[in-house]
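Shown below, as structure tokens, is a lone chain in the form predicted alone; questions about how it binds or moves come after it.
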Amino acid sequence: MLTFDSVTKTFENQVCALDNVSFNIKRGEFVYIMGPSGAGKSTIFRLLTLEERPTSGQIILENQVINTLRRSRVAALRRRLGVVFQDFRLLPNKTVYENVAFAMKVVEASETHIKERVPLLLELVRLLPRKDSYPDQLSGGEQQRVAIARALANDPGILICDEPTRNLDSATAKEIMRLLNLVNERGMTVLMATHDREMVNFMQQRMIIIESGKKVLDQTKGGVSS
């Protein structure tokens, strides 16, 4: 489903953020991208969403080389991706329901489809009773659950989570991880950046470790895969 093929990213200041990184992610996998701050995790995500382009190598998503896409086609690509950030990025003047619905309105989904899908997503993240609440009335964990529902709104091909538990306490972080695991069990491919080894050990999923821009380990539940 997703392939990074010998991807290198060197910025104008000659800092090499990624150095010849290769990996494959199959549809339905849950994969952690692990590493300390500055290792290159966020660069992988920025390349995947085409906020940056690789210096060399190829990025292939669903049999399409995306790093050579024209700018006019970038928006269409991003609609195939669901993104969850560590700082939630909810719209403060919109309710829980409206935050999720807004993601669908942006892609011109019909009102009928919005009214059908948003309650299902809020039920999934256990926030349907809070649908009329505003972000500042929610806990951090609740806000992140809204963000996950919003990221799933347009049925993306892959869910990208950029350290979604970083600003949460341990108990709340585990709750978010259980939710992401549930989403994955329902068939969603999940790619999550984290530096939290304890959380990775808790969830026991495949992990790709990046250090100083290089892939140093790719380990499945059962052992090293490459």
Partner chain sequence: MKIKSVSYYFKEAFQDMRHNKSMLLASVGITLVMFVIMGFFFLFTSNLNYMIKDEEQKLQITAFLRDDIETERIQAIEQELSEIEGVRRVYFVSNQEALERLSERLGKRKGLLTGYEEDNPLRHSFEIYVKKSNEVPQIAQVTETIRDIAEVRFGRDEVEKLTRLSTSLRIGMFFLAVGLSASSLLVLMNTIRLTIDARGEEIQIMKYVGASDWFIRWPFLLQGMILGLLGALIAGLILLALYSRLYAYVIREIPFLPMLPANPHLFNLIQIIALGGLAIGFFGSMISLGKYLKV
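Positions refer to the first chain, counted from 1. Computed from a predicted model, the values in this text were never measured in an experiment.
Missing here is the form predicted in complex with the partner chain; even so, the following discussion is about that form.
- Using a 4.5 Å cutoff between non-hydrogen atoms, Glu198 does not count as a contact of the partner chain in the predicted complex.
- Proximity of Pro129 to the partner chain in the predicted complex: non-hydrogen atoms within 4.5 Å are absent; the residue sits far from the partner.
- Remark: Phe85 counts among the residues lining the partner chain in the predicted complex, judged by a heavy atom distance of 4.5 Å or less.
- With a 4.5 Å cutoff on heavy atoms, Ser139 does not count as touching the partner chain in the predicted complex; it lies far away.
- Applying a 4.5 Å heavy atom cutoff to the partner chain in the predicted complex picks out Arg71, Ala75, Arg78, Arg79, Val83 from 59-84, in order along the sequence.
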